[in-house]
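The form predicted alone is given below as one chain in structure tokens.
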Amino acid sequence: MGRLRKNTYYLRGFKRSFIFILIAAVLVGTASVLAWQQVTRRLSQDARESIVSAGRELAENFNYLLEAEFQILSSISVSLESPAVSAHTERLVSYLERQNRRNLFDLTGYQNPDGTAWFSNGKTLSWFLTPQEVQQVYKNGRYVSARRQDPFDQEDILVFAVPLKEGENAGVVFATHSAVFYRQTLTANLWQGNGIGIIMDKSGTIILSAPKSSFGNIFEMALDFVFDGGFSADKIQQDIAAGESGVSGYSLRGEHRFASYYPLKYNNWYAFAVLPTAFVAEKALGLMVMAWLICFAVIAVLVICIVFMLRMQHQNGRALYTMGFVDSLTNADNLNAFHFKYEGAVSAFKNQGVPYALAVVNINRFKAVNDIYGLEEGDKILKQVASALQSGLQEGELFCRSSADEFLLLLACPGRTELAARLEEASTRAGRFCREDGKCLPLSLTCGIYVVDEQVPFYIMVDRAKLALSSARQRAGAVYAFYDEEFRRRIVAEKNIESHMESALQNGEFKLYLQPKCNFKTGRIESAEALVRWDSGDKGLIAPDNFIPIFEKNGFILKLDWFMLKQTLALLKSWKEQGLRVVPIGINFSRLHLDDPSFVPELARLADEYGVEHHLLEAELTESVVFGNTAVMKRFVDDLHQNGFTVAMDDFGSGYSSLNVLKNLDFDCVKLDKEFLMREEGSARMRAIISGLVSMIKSLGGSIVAEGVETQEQAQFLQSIGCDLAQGYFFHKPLAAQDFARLLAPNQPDNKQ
């Protein structure tokens, strides 16, 4: 009986334990399943958001790449508009080869209206671009082809082209890149090779794909897809036909993927990005296996199971946090974490009464580093820069890597000088990267800083810091720039000028003004300097300082220079026809002309076309144009002299190498910078310097023009030391062409023979 009771007791205990273990197993199993579903859903959601972001970025990057190629071709087309280049085969091929090497194309070429195409490799073909393709270039202003074979090595290439703008059907400029070049762009942000990037047309035909080359039709392939609810191949085809974007999940041969599609700006093409969700499933499966192992373990010891489950929950939370808030490369905060922490950090600064600033730091020419040394070295550089920037943070400050080679910092700003010094020191600390082979790469960083002085949304603060960064990058050698409201107004004004410059040129809003150069003793006009004014109508005259620097940056100055030259030549011709006294006119030319070997020949051709003697044109070159390019400038000056033009050095003394320039270049005339006169009055030392300069220049055989003469005392002093001509308001202010012509009439006192 005792044995039976004992057995019954053990049986009951076993039943209780079994029920307890069974309940524990069910609870743990249920909890494991629920946890698995939650993690899988979150990971799937993150994967979906990632493909949306990557698909959009893929489209934007490809659009940006093509836009950059077209801008380069448009710049080349401006030079090829000159017959002096396009009409001479050897000069044309040399120019194409130089541009091809500079811009890293596979081939660069020019195809004239009769179909003959010249290539930068010296070869020619007939109708490289078909007549139909040429018509598309003329019609749309730019053209990019589908994938085709290189005519010389049979590799897959894309061809892009723009027309010459002078006249209709004047020919087209084109360039080629291999399909491999573009596949690198497609894979740039596709999860380090786990994703697929495709460029296709609206019919679904694949034009480019990466990481491997694929051919076929997406819509036909999609017939084999098993789409998530609410989607189908027809739905994707309808979206693309309507020019819309979208994202969907689908399964193919047992593998689930996410795909997104975005329209491109060219040829009605689409960017199609694919992310396999296998890594999501692998993580979820791993969690599931762990959960079941825990379930069996808890059957033995429930407490251990509960502890383990809590631990797993903590680990999963950390994993999700890492995915959402940690930069996978540098292990620093990403932009999400930075934004999340931003309000708390700002509140702490405000409570302490500490001013603060938002800074954007960018690695200059980082894409070139990646292209030359590879992505692995590029990743090491990013880690080093991130570590260097983080190491300089103070308590309460924030740091993150916001994009590929861009970093964001929230810093205390007790003063602009102190903050600038900190960022310069951080840039120096991060600016030297040594590879494993012992070779060190000098890096340069640029910072844009917005000192927060008003309550505006976070993204606006970031935009303002990036505007300051853009300003700093446009200034050679600048490490940083601060944003201010005047800067924003200047950016808006520059954009407004750029949006109206083409129409202003077509409408004749750029006017020719002349500032006389006069004899000190008689006041007689001996020559003049051509100046440009922009008569914008409602806004009145716009001074050159407000638009010339902008035109220098965007290349429009080349068109404006030729326009003003033609106006000047026409004016000289009209003086001769009217029987007026014809005086030489000095013209300023942009440094951008130095790269054009056809400039001087074209200048001579135009002068002959207008019947203007060459000595009546004087090229005025500033020291900033000459500096650092003496060899090129010497050839330029020699070419001008050989063609009968005179050359003047403008703004002499405004820089640091004026004497070196005089030593190396043969100028007919030197124009003393007006800053000399602004410092001359009341300064015996400055008068002695000016006298010495005049004596030295005269000994070299050149004539001297003094700029900025505004008083009688200045005129008397300059005349006494031997200056030849004066230019300034004391004699005449800049005059419109018709007003200047009246001063040349025979009945004027200073024009009598």
Ligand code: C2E
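Computed from a predicted structure; not experimentally measured. Numbering starts at 1 and runs along the sequence shown.
The next section is about a form of this same protein that is not shown, the form predicted together with this ligand.
Contact with this ligand in the predicted complex, judged as any non-hydrogen atom within 4.5 angstroms, is confined among 467 to 475, 394 to 402, 609 to 617, 542 to 550 to 542 to 550. Contact between F589 and this ligand in the predicted complex is found at the 4.5 Å heavy atom cutoff. In the predicted complex, no heavy atom of E713 sits within 4.5 Å of this ligand. In the predicted complex, this ligand lies within 4.5 Å of some heavy atom of K674.
Taking the partner from the other structure, this ligand in the predicted complex has a heavy atom within 4.5 Å of a heavy atom of M678. Every residue in the set Q515, M564 and E707 has a non-hydrogen atom no more than 4.5 Å from this ligand in the predicted complex. Exactly one listed residue, out of L531, V369, I363, V78, brings a non-hydrogen atom to within 4.5 Å of this ligand in the predicted complex: L531. Only one of the listed residues (I557, A222, L569, A504) places a non-hydrogen atom within 4.5 angstroms of this ligand in the predicted complex, and that residue is I557. Along 103 to 124, a non-hydrogen atom within 4.5 Å of this ligand in the predicted complex is carried by no residue at all.
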